[in-house]
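Quick heads-up: it's one chain on its own, the form predicted on its own, in structure tokens.
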Amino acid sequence: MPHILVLVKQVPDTNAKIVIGSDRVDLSAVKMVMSPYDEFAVETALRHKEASGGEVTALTVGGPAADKILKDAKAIGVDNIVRVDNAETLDSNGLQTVLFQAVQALGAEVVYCGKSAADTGAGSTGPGLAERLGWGSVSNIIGADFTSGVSVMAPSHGGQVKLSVPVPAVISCDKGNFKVRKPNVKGIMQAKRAKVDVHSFEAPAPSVVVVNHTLPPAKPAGKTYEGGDAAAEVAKLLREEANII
């Protein structure tokens, strides 16, 4: 029975208003949630367990505040919750190095994660971790089947491709063609009492440093045209400014 690991990350709510202060994003008043693609990774990991047995461990990297998303994962059915204690901002190399050590220490046989985090959108964690582990890797899956090993569906050339994935492997999940389960009252109560297993691993010094944050430029005001006499002008703008025609 496999030991299944699912990576989750705490990110700002995607509906939150972002404010810049002193050249940095100010998250002090922003609600923090589990990264949306990680929700599909948790669901896929739970389906793997239901089909093949074993245990699912949810893992995150962060400070004590990140325990909340681990409790959220516990409420919907994961067996164990683990946090690698590191409140620093890690670049991709640092994060993947820490995760590599955690996977080895926990003895996982398959790792699920979101295709990218909602805050950085880098999409490098799954493939980078697989490279360090020397495992197989498949990204952007939208479905999975566990009747005979691990088979996944992923987009390919405008369609879909079914892939057989030998484990050990790291599998990155896109928005799936299935619903993500929600916690019930019993699960929420059990999650409140659950203990987070805290580990510590050495991370290398960052090789990439954030200089500053800036908001994107404001969109220019729209233009309104009425009547047939404006058709030529509208066509010119669509061709020369919008590059639509």
Partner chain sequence: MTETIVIAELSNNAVHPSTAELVSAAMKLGDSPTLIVPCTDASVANSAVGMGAASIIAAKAEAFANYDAKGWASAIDAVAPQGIIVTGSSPQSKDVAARLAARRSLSVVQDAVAVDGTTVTSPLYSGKAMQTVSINGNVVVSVRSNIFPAASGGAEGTSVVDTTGDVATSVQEFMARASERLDVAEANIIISGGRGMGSPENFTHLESIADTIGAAVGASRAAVDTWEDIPHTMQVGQTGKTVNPNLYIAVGISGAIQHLAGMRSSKYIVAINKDADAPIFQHADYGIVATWEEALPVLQTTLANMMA
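We call the rigid core the largest set of C-alpha positions that still match within 1.5 Å between the two forms. Numbering follows the first chain given and starts at 1. Model, not experiment: these values are computed from the prediction.
The same protein has a further form, the form predicted in complex with its partner chain, not shown here; the description that follows concerns it.
Note on the partner interface in the predicted bound form: the residue among Met153, Val82, Ala75, Leu106 having a heavy atom within 4.5 angstroms of its partner chain is Met153. Although the partner is absent here, Ala130 lies within 4.5 Å of its partner chain in the predicted bound form, judged by heavy atoms.
At a distance threshold of 4.5 angstroms between non-hydrogen atoms, Val211 is in contact with its partner chain in the predicted bound form.
Though the partner is left out of this view, Ser207 does reach within 4.5 Å of its partner chain in the predicted bound form, counting heavy atoms only. The closest heavy atom approach of Gly136 to its partner chain in the predicted bound form falls within 4.5 Å. Taking its partner chain as it sits in the predicted bound form, the stretch 19-52 comes within 4.5 angstroms of it through a non-hydrogen atom at Ile20, Val25, Leu27, Pro36, Tyr37. With the core superposed, Lys223 shows a C-alpha displacement of at least 2 Å between the shown form and the other one. Comparing the forms between the shown form and the other one, the C-alpha position of Ile20 differs by less than 2 angstroms, with the core used for superposition.
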